[in-house]
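Take a look at this single chain in structure tokens; it is the form predicted alone.
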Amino acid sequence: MAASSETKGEGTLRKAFGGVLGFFILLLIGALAFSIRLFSVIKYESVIHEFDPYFNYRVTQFLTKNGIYDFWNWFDDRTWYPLGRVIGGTVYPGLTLTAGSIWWLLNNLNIPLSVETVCVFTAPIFSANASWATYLLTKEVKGTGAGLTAAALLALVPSYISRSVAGSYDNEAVAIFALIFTFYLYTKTLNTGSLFYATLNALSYFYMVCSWGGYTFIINLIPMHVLLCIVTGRYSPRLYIAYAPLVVLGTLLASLVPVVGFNAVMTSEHFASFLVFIIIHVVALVYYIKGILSPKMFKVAVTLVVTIGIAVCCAVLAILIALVASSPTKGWSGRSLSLLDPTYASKYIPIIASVSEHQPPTWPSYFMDINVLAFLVPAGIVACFLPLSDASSFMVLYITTSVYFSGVMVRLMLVLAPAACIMSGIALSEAFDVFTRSIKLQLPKLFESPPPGSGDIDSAQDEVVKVDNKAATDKSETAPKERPSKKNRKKEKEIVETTIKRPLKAKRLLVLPLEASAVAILLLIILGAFYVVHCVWAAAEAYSAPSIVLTSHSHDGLHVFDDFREAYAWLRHNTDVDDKVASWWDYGYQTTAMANRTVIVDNNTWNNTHIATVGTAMSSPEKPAWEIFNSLDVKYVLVVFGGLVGYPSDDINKFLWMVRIGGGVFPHIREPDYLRDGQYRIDAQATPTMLNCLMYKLSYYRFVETDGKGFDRVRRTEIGKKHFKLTHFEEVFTTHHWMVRIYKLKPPKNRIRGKSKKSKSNSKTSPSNSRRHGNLRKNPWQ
């Protein structure tokens, strides 16, 4: 009795120590996730990265300055001139409200941080939260050890670092945490059947809807899992509690987000959840009837219920088909159709296909973004089937769908990263469990003289049998000492033999040779070390450099290219506040946020016709382009050029997308006119249409003066047209490294009254004059 109580006390102490140790490990994982994302601040400076984050930063500034009510009703006249944009109804507010709340809380605690500082460090803070959420989710699937391993892997995975470094103030910074936490609450509800967790799950889904348009992945993945459980006969009341409140409460909350609104019930992305909602109610009704009726009556009732259920499903399907039939895209958004059909965007929506992060990934990008996790994921999938539970089947479905979507769009590698970390964490945890158990059982035998003819594994198995026999003996000693009957003695003998054979059989499957276990653990540690080295390198070198400030290394040291901020500062200080700036849509957010000038198009890309108009102007000769820009009240045109310093992401490399997008709306712009034998060229073999278009002239104007030859370092060739003059545009500013060039539209020439009268009098007899006047009246966009 004393021995058993002592053993119980040791177990309780060990459990408490393990809990405290696990808590401190989680704190260290959170600190690691936060600190590894600070390379961008340490190596460069505290600055907002990329393009979209500048719009989010500008919106957060407006929110903290003017309040929540002005934010919802804000009409921004600085973007999409002359249309403007209603910010409150077209933006996902989760990131902005989160950062604004953090700033408000810190200032109320007398910690006076600027809005920019809060925005810079929001992503690293939520990466720590995402790591802790990963621990909770994996713990629900396979236990604490797998949870800690998965959390550590997610804290370091390069795919997630790429969108959560300090300064990457984008929606994904908080959305990945919301995604993982929603999945955790769903699996928690599956395991417990608690309505409390189901309500929290709906609230977490609401936060995800507020944060990112990728919430449709959740509202389709969970119905798929529910349907899978129903089909495989795993329905339970816990499954119903986990799903039904999410659909009802989650849809009602999602419709409160202005950018979503009635799309939560009117678009095809949400219809699967409603169909599965009907199916699970039919199944629940069948199980309820089965419990209260006799088998004979149950057959009759099931026939009736199934008939009514099929009729309701058919009616709902008919309504859905009628709703989506009226839409050209059948109720799907362009990005969703691009995921279902990878060729859809390139055929019908070039504005989506033109974005680099919407392209399919290459095989090396998987090794770059998830590294060795790609090899551990299959082992984690196998471990989820041993044994298979509702939570582990959900994770298998999650990794399967995320692998497909990441193969379609490189941006969705971000969704794959948590699933890969969880599966790899499960695989590593199971492997370490087997190897350490093998060493633990065989290590004591190394210091003892083993009996002849017995090996390490047999000795370990004998030790297991001894432990089990001792436990059985202790149990018999603590039992009341009554003389058993012959029949009872026979039963006890069978029970003891069974308890001895079962552990022996189980341990034989798990115990491996000592040398093999030690080597395997060493290899796993080396594999983990390679993973850590790769992740640190990716965080420090590959993903920390802000796109607004570029650097390069050469034999004479480090070179910093700060041309973007130089150009935006020139616009802010040397142009009027109401001047309009035209550029390709990539630079719209930065121009509005950093130069505080009105732009024609920006990164929101909500109006394809407006973007096509700018693309048509860039693709047209100088005079028609001037007429288009002048009709839009544009005063300055900004182009990005990398031919001098070798910057590949310039407008010349993006030019064919301008042609495709412009030609999709204005048919007179045709891509073959800019290609020579199907090849895109800017040298002497380029087509006359290419050499005379506005983009070519604005990029290469005076370029030959730099080296006397006009050698483009990006295209690695000499330009075709070197000496030319601009008639309708004038160069007003070019940055130090020629990366950004700004031109001003020349004012129209004054009409001379005498010449106008003469031309009017001669117009009756001169057909050439009539053609000239007809051209002036022609629509410049056609």
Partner chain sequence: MGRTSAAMAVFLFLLLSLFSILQLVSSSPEIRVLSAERRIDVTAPIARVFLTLKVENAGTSEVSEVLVAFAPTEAEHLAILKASVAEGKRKKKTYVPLSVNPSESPDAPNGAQLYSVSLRSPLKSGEATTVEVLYVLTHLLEPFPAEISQSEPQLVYYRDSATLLSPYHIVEQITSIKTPSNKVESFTRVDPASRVGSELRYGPYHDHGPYSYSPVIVHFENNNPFAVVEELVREIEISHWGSLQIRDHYKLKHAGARHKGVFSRLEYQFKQSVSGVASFRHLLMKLPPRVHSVYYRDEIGNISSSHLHIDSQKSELEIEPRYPLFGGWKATFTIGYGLPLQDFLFESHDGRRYLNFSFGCPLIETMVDDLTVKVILPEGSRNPTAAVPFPVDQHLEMTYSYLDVVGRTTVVLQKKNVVPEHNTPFQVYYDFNPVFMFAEPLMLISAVFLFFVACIAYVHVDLSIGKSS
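Everything quoted here is computed from the prediction, not taken from an experiment. Positions refer to the first chain, counted from 1.
The same protein also has a form predicted together with its partner chain, omitted here; what follows describes it.
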* Asked: Would P112 show up as a contact with its partner chain in the predicted bound form if we use heavy atoms at 4.5 Å?
  -> yes
* Looking at the partner-bound form in the predicted bound form, is T706 within 4.5 Å of its partner chain by any heavy atom? -> yes
* Contact label in the predicted bound form: T735 to its partner chain, heavy atom within 4.5 Å -> yes
* Please run the contact check for E731 against its partner chain in the predicted bound form: heavy atoms, 4.5 angstroms, yes or no? => yes
* Specify the contacting stretch among 269 to 277, 217 to 225, 153 to 161, 563 to 571, defined as having any heavy atom within 4.5 Å of its partner chain in the predicted bound form. => 563 to 571
* **Listed residue that, although its partner chain is not shown, lies within 4.5 Å of it in the predicted bound form (heavy atoms), from K623, R681, R670, R702** => R702
* **in the predicted bound form, the one of M690, V410, M594, M368 near its partner chain [non-hydrogen atom within 4.5 angstroms]** => M594
